[in-house]
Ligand SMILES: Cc1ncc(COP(=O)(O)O)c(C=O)c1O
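Heads up, the chain below is alone and in the form predicted on its own; it's given as structure tokens.
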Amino acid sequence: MRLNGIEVGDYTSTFREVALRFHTPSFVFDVDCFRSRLRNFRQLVRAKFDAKGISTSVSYAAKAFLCTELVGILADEGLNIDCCSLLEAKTALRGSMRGGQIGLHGNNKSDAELKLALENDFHAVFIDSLDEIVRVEDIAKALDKTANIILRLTTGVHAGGHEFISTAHEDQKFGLSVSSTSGADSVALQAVEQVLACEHLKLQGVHSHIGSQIASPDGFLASAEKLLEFRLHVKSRFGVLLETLDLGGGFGIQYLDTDPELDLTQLFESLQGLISEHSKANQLPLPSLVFEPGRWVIGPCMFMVYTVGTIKDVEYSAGMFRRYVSVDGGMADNIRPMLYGAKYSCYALTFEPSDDTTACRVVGKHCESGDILIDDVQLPKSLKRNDLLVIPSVGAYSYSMSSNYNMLPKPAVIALENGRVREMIKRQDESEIIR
């Protein structure tokens, strides 16, 4: 099985070692793969933009997966980080990020989060509502600080498939809309005017995030065009040049071998052409760009190793059977299939290898009929209890969204680096949950 250029079968001995030494369910995190994808993304951005006179930076989306050691890796590789909670930001600081490398997102930031950002001189506070402008100004004034402000805009560009992961259409909680149906100024323009009137706020730029798991460049290009037009309008209306365009993330990966691969080279070349032409035509300096990959850099680098438990054949229609394969985890360690229909593939490590397969449904051990990790997959007929089942591409939004449903401990994260495995995040202790 090959996904995102990674051959899952190459890890077979590692999976067996992890199951033996650390037990299951466990996440296996290939640190070398992660570093490679970070470097590849950063190098491609530099080649396609910086080499053409458009300065760039890359900010890892902390929500995808976060721990202090991972922050250190990001710092080593020259990335920034975007956080959207107090503990995400504190983890970034504890993991050796400087304040100037951290951005604060969120639609409902607390005073504690804003204070932490200003005290540590975060590179930007991403404004998500008009009332937030007043709150940030008040806190900045009390601290005698100047806050760098980036406005999160709702561009109306819809991408990313499921409604729950599409984030730039109008009827949802994020952002300041660039459109207006009443003839009055849009909320986005009102925000510009409001920020410019504040003594302790510096308007640095605008941001848009259009969704997640996007495989086509069209949405990114449409959103970038909206941001460029807004930048031009602000310059014409207020005489202010927005220096930064943050184009967000949402870069898709392969979860199934039939999933399309997003061509980053094509996307970046198209974006560079669009931005250069628009800036030249309107006699504006080139903006600085920010990209926010989370899933693309971390997703393919992690695998979930389960132990197979109960196997049973269920007659769901006259003469029609489906084999149910239960594993020792489920929706508590990967909620994505239940939350928005995410689809995964899997790799079986059997004691009796066989090419003879049958249709299976992979399910978890939780007390929910909807606890289905993979709805329909061909697995070896020889699959038995205590065999291993591996789900690849679980680096993004699996561990970070895990829970203690049915009081199951959160799994361990086992790092694979330079051919050796070690515990990166310990399995949650039972006494900790009970306490």
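Position 1 is the first residue in the sequence shown; the rest follow in order. What you see is a predicted model, and the numbers here were worked out from it, not measured in a lab.
Here the subject shifts to the form predicted in complex with this ligand, a form of this protein not shown in this document.
S.K.: My question is simply whether residue 29 lines the interface with this ligand in the model of the complex - judged by any non-hydrogen atom within 4.5 Å.
M.R.: Contact check for residue 29: no, nothing within 4.5 Å of this ligand in the model of the complex.
S.K.: Is residue 295 one of the residues lying within 4.5 Å of this ligand in the model of the complex, judged by heavy atom distances?
M.R.: Residue 295: yes, in contact with this ligand in the model of the complex.
S.K.: Any chance residue 399 has a heavy atom within 4.5 Å of this ligand in the model of the complex?
M.R.: The answer is no: residue 399 has no heavy atom within 4.5 Å of this ligand.
S.K.: Taking this ligand as it sits in the model of the complex, is residue 103 in contact with it (heavy atom to heavy atom, 4.5 Å or less)?
M.R.: Heavy-atom contact with this ligand at 4.5 Å: absent for residue 103.
S.K.: Out of 287, 249, 337, 175, which one falls within 4.5 Å of this ligand in the model of the complex, going by heavy atoms?
M.R.: Of the candidates 287, 249, 337, 175, 249 is the one lying within 4.5 Å of this ligand in the model of the complex.
S.K.: Of 207, 123, 109, 226, which residue is found within 4.5 angstroms of this ligand in the model of the complex when only non-hydrogen atoms are counted?
M.R.: By the 4.5 Å criterion, the partner-contacting residue is 207.
S.K.: Report the stretch among 325-333, 86-94, 207-215, 261-269 that approaches this ligand in the model of the complex to within 4.5 Å, counting heavy atoms only.
M.R.: One stretch meets the cut-off, namely 207-215.
S.K.: Using a 4.5 Å cut-off on any heavy atom, which residues of 46-70 would contact this ligand in the model of the complex?
M.R.: 61, 63 sit within 4.5 Å of the partner.
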